[in-house]
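Next up, structure tokens for two forms of one chain, structure 1 and then structure 2.
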Structure 1
């Protein structure tokens, strides 16, 4: 990186340091960890858009699948639920997958005509009723097992770190299915399709209680190694001794130490992904992807499989987003489907890529850190600023309206930043070479 880019990263680092000095280091580290996860998501979107020009607005869905992986892998199993309907649900899912596979095979092998249409209708309709007959009673039996505390099958009880690659695999598998059907669409239709599919994923998470408790949420998920719990640190004699020697409060110190450990894990993953992305982008594969992005007709004329390469990069970018989603759920130690919304987990990530510079991995990371800091700091500074602005005003409807509008300052601030960047640096802060 050149000196200008280093200065940009140094400026973002100063923002986090000033947040720690002027407000609190707990707040600064919390924002930093969320910004690091946002930078990983922005890196995944940059792989799809910056490398290949794929307009994916389903980031929210892939993030949620990463969070689901933590439940499936790290949550403790519920033996009663497994005995009540676990095998039946698994059998129903296998039957459903088999019906879809049979329909695809028939569609490929049978000649086009009325007979193929009738056969597919019979197979799909019969398969649907068979699936529901197997699935519904077993799912209801699972959800009836201690619904206030469990009501789902649980997970495998494995270490939480294992869920991070599994989150990438789940997101990649979903991206493959979406890509096989939607990548042939024009860019604007692809955006609509991916956004709709993401909403379907969230709807499934909210309504299928047997899978992850739906809107009742899964809490108390295990933390990844080596991150301890604050309570355990506060009872550790060695930690208390260090706290006494250095003169800091054990409660505050334990919270800061936990956030530092999370930050170390996230930085390690982010650096590994950047290294792999840079290697791919500067390799012949990366040059081929940019050639396809800039002129699909010319690339196809040179013998490149445009659709196949689009599917490949779509899967890779979605896997990166899924890993970030799993890391976020591991940090929160809970899965709350209601928190996944397009503004935070799709369009904000796109703003990060645009501000940082699409097509440049370091630009996407810079945008993730900068916009991530801005999005969260305004939440705490907004009420303070608005209280200062309205301090001299008399009590009344106008003052009450302005104070209540403080929560919307983050949208106003984000819009101003985006407009300024597009005006003075339309290719982003660190544009593509």
Structure 2
């Protein structure tokens, strides 16, 4: 951390303070919380791209898996649904996994040839129909239980904080599966494969109603441990007394306090992750990763297992993204699969990493905070600016179109920012040491 980097962080802090003064502290803090989450995601992408040169375009999918973890861990269980089909669904999933394991074992054990292909096809096709036969009736039974209010199995009813590591584990498991197949091939293949897995994770979330209610969304998930509800705060005499002493409105004050508490939690996680990443980066492991990134041939000639290390770093980075995804859902207290959009959750995070400085953890965090602020502030300022610009125009379809299209300007702007940074400052704001 030298003077220049501190100035950069101070500059970003000033942006948030100005937002607070000129617009509202509520807005500033909610942007800050989202930006902190984005910074954690950017940290995860930086672990993959900056340390190892892996191109992951499935950030959205790992984020959504983190969100799913919150539902599975923290949502209230639905006992009737469990009785209706819980064990059956679990059994079906186990059978499905067993079929895949059997197919992999057969593939390894049997000699190459037509016999193996036929056996594998029979096992996989038979397994698929067996899975469907076990799965479908149970899933339907679960979805039939009070479809308007539940219609899913619910979670374990545990504290929301526990979902954060679970989100990391879910994302890591998915990353292991995808890395096992696509790593070691051309670098572009990982990009395409992760792009695909992200779309599939979202379509699973949208369609498997028994799991997380699909497009009916899971709402009112519990908040993580120290964060109270605004309504409770506003009736808490101690809080009201403090509010009266300091002279602020209890309603605004309660929502600011809640956001501050979330922000505190996020900062704690972010700092812990940065500390771990910095330790790893400066350890022999980090030097090995950079050696592999800079020259794979030389590193493997030195006896380093390039594909194995790549798999490791891919899983770790995805786990960090999964944790951030879980944190996001536990802040929103709802899981809405329809809101996961690759431009917002995958490519925006990439812009953050590149703008901030790939290979440098502080750079990724700075990029996350700066681009996160830019993205969200334009959402609230864009229409205002656009209507200011078009104020002198006559009312008509063109003016309406321009005001409506303000939100698309940010795609254009971000694309141009990304291209400019790549061209003129490819090492980003805080370059790798």
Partner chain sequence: MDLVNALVVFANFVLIPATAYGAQLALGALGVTLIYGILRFSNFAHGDTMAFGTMVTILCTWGLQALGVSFGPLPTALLALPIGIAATAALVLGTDRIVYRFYRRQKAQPTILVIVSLGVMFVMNGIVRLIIGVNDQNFSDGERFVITAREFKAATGLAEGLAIKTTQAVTVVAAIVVVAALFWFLQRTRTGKSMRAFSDNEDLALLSGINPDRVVQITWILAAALAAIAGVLYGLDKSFKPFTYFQLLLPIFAAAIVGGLGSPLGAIAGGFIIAFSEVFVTYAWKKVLGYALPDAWAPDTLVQLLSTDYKFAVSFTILIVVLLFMPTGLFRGKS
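None of the values given here were measured: they were computed from a predicted structure. Basically, rigid core = biggest C-alpha set you can superpose within 1.5 Å across the two forms. Numbering follows the first chain given and starts at 1.
The first of the two structures is the form predicted alone.
Superposition on the rigid core between structures 1 and 2 places the CA atom of residue 11 less than 2 Å from its counterpart.
When the rigid core is held fixed, the Cα atom of residue 21 travels less than 2 angstroms between structures 1 and 2.
The two forms line up on their rigid core, and residue 400 then has its Cα shifted by 2.5 Å between structures 1 and 2.
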